[in-house]
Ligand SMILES: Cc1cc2nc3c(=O)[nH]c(=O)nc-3n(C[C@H](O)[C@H](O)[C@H](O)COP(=O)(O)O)c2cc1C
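Next comes just one chain, in structure tokens: the form predicted alone.
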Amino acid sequence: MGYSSLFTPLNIGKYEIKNRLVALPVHTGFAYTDGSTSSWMVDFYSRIAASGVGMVVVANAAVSHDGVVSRFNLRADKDQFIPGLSKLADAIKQKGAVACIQLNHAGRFARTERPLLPSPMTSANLSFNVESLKGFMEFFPFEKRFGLTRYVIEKIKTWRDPMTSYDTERVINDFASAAFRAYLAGFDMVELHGANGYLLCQYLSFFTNQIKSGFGGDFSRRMAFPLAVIRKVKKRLPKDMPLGFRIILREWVPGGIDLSESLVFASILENEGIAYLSASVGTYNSILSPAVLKKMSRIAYLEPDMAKLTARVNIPTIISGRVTTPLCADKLVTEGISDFIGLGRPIRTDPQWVTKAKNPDCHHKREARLFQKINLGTYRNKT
């Protein structure tokens, strides 16, 4: 059987996406240490686009010097980065995919001496942060845990000073300037990163934003900072240039963002002119806990929440989270769970994923012939 739903076009803003498959933004660390684009990164995204997906989202371009997550983070905070970003956009578009770039500020998770965060870490969530650290360490070899533990503890010590009014104004302008550079570089779309516990997400969450006034308070007031970023960005971009948003549906931390809040925020994002919503769950404080790992081990674990998100808004949605097979992906689109399928690791581990989905019968026949050859060879060796 063919997977016809996956290969019907659908528009995001003014752009027709040729199919329902989107290469999700997965951080590569392929940039040079100064934040500029490497030839390796250009080749990598060119191959992703050549796989046949309809849209490619370049991951995690930092909008500020203090917003990077690693030494090899792509940056968009200076004009000197425009030529390299242009090579990235061109490489993607030349392979027939729509080119989008994700802009981010890592906030308290940034690799800097003074991380930016809405409010200081409180004693109320200190124990949860420490417990999260234990779960995080278990994923590394024993000999590396001591150095990582020391690094994370030093990082937590810097979570004492909240952002000033100068900081907030500067970062809002940084997002807008980076978006304009993306436009100059030739990207078709821009996506703002509002998930994974990074800065925009931190302002939304009561876990990390306990400001009493200004950009803090109840959920409607905690939305103020990301909305200010969106409005400033839209002023700098052409009116017909689509602006997407990576939205967190559940944070899974004490007092964190839940689905009901995310659905309210999604409706507001639509009213603000956001062109699409790409969904995610969890942050670095939650995704490695045993309970959350169990939830995220299920195939298409976002399906129930995505059904509610897609029903809530009238703009395209993109699902992520262990959608590994064309059969599963086609079902999600056919049943209206999500408009687009986000492929992160699947498209990176199997560049033929889209080709196999287009020609499932031929693929199965090739597999069958290969299986016969293997069996025949085994039989001959035994005899």
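Just count from 1 along the sequence shown to find any residue number. Just so it is clear, the structure is predicted and the values come from calculations on it, not from any experiment.
Although it is not shown, the form predicted together with the ligand is what the next lines describe.
*Asks:* In the predicted complex, which of 48-56, 329-337, 31-39, 316-324 comes within 4.5 Å of the ligand (heavy atoms)?
*Replies:* Looking at the partner contacts, the answer comes out as 316-324.
*Asks:* I need to confirm a contact call. Of 168, 205, 196, 310, which residue comes within 4.5 Å of the ligand in the predicted complex, counting heavy atoms only?
*Replies:* Contact with the ligand in the predicted complex is made by 196 alone.
*Asks:* Could you spot which one of 102, 209, 286, 125 gets a heavy atom to within 4.5 Å of the ligand in the predicted complex?
*Replies:* Filtering the options by heavy-atom distance leaves 102.
*Asks:* Using the partner position in the predicted complex, report whether residue 342 sits within 4.5 Å of the ligand, counting heavy atoms only.
*Replies:* Yes, residue 342 sits close enough to the ligand in the predicted complex that at least one of its heavy atoms falls within 4.5 Å.
*Asks:* Residue 27 versus the ligand, in the predicted complex: is there a non-hydrogen atom within 4.5 Å?
*Replies:* Residue 27: yes, in contact with the ligand in the predicted complex.
*Asks:* In the predicted complex, does residue 219 come within 4.5 Å of the ligand, counting heavy atoms only?
*Replies:* Taking the distances in the predicted complex, the answer for residue 219 is no, it never comes within 4.5 Å of the ligand.
*Asks:* Whether residue 246 contacts the ligand in the predicted complex should be assessed with a 4.5 Å heavy atom distance threshold; does it?
*Replies:* Yes - in the predicted complex, heavy atoms of residue 246 and the ligand come within 4.5 Å of each other.
*Asks:* 64, 215 and 256: each with a heavy atom within 4.5 Å of the ligand in the predicted complex?
*Replies:* No, none of the three is in contact.
*Asks:* Can you tell me which bits of 60-86 touch the ligand in the predicted complex, meaning any heavy atom within 4.5 Å?
*Replies:* Counting only heavy atoms within 4.5 Å of the ligand in the predicted complex, the single contacting residue of 60-86 is 60.
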